[in-house]
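Before any questions on binding or motion, here is one chain by itself as structure tokens, the form predicted alone.
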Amino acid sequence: MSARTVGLGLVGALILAWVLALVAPYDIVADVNPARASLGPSGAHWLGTDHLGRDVAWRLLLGSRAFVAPGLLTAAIAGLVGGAAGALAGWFGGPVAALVRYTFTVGASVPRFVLVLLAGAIFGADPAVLAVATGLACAPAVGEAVTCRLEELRRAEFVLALRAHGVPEGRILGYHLLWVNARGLVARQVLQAFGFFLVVETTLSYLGGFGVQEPTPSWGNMLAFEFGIPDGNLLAWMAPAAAIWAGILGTALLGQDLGLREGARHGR
């Protein structure tokens, strides 16, 4: 089985879980039942229950809501902001490229996680705030990748031929360079941004203070809530840990596959 197939399967499972979670008839408060605390897997509770008697499988499903939609927002912001800035720098070069690259350098000089924590401390720990902050923190990497690609291509023979045939500059940049020759590169970068937000959200939820708070489920707070409980249901923390690992692995494998395809296409 190829890395691409595994990656698509894992990421597809994340998206499917999120879609199902949007319509799931599960009440996170009404499900508390200490009489069935820490039960093992059964037909009624596929992954057992946690130490408050809550269904682990349902909470695992609903936990996808904590990061999938915000992660998609992160990817969109990183792709749009970084891609647009990188396109301007790579196409025009000169002072425009110097200004954009200086801005990227300043933004990238602070670790991404620190920027997200700072935004959360100032504007609140709402998932949308964290998503916007993470997207902006990831934008410099997207922009730099697009800039380098366009600097390679803007003086290529096919670009000169398109200009000679009267093709508008906007179409050359938007379609022939960005879409035809850089879309795989951007897709790989935004996948990495999505995976990074998964790490950010689950880490903050695990640590507490930021991120999703109990009783709303997140894979991070599920892991923190159950890890180390004496005589607890092991799946109550192992299932979210495995889900986090699978989500990160899926985005990494897809990104790796896109990188290999881009490298083969451009002779690297």
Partner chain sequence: MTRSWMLLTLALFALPATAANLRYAEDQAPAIVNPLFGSTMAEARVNELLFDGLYTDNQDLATTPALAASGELSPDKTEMTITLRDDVTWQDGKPFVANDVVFTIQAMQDKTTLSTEAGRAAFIKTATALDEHTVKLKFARPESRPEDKLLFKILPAHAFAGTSVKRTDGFRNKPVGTGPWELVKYNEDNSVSFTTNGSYRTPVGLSEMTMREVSDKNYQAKLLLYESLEALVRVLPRDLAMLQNNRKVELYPYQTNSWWYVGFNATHAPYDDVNVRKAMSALVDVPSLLAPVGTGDLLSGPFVKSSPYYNHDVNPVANDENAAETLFAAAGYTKVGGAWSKGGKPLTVRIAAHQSLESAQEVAINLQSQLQSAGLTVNVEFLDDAAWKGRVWREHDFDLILSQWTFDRNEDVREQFHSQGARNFTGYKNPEVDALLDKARDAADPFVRKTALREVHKRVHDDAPMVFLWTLDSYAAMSVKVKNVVIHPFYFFTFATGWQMK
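Residue numbers count along the first chain shown, from 1. A quick note: this is a predicted structure, and the numbers were derived from the prediction, not measured.
Below, we refer to the form predicted in complex with the partner chain, which is not included among the displayed structures.
A heavy atom within 4.5 Å of the partner chain in the predicted bound form is found for exactly one of M238, I229, A57, A69: I229.
None of the heavy atoms of L234 is located within 4.5 Å of the partner chain in the predicted bound form.
The shortest heavy atom separation between V32 and the partner chain in the predicted bound form is within 4.5 Å. Although the partner is absent here, G40 sits far enough away that none of its heavy atoms falls within 4.5 Å of the partner chain in the predicted bound form. Although the partner is absent here, F225 is a contact residue: one of its heavy atoms lies within 4.5 angstroms of the partner chain in the predicted bound form. Residues G93, H165 and E169 are none of them found to lie within 4.5 Å of the partner chain in the predicted bound form, as judged by heavy atom distances. Residues are counted as partner-facing when one of their heavy atoms sits within 4.5 Å of the partner chain in the predicted bound form; in 180 to 212 these are Y206, L207, G209, in sequence order.
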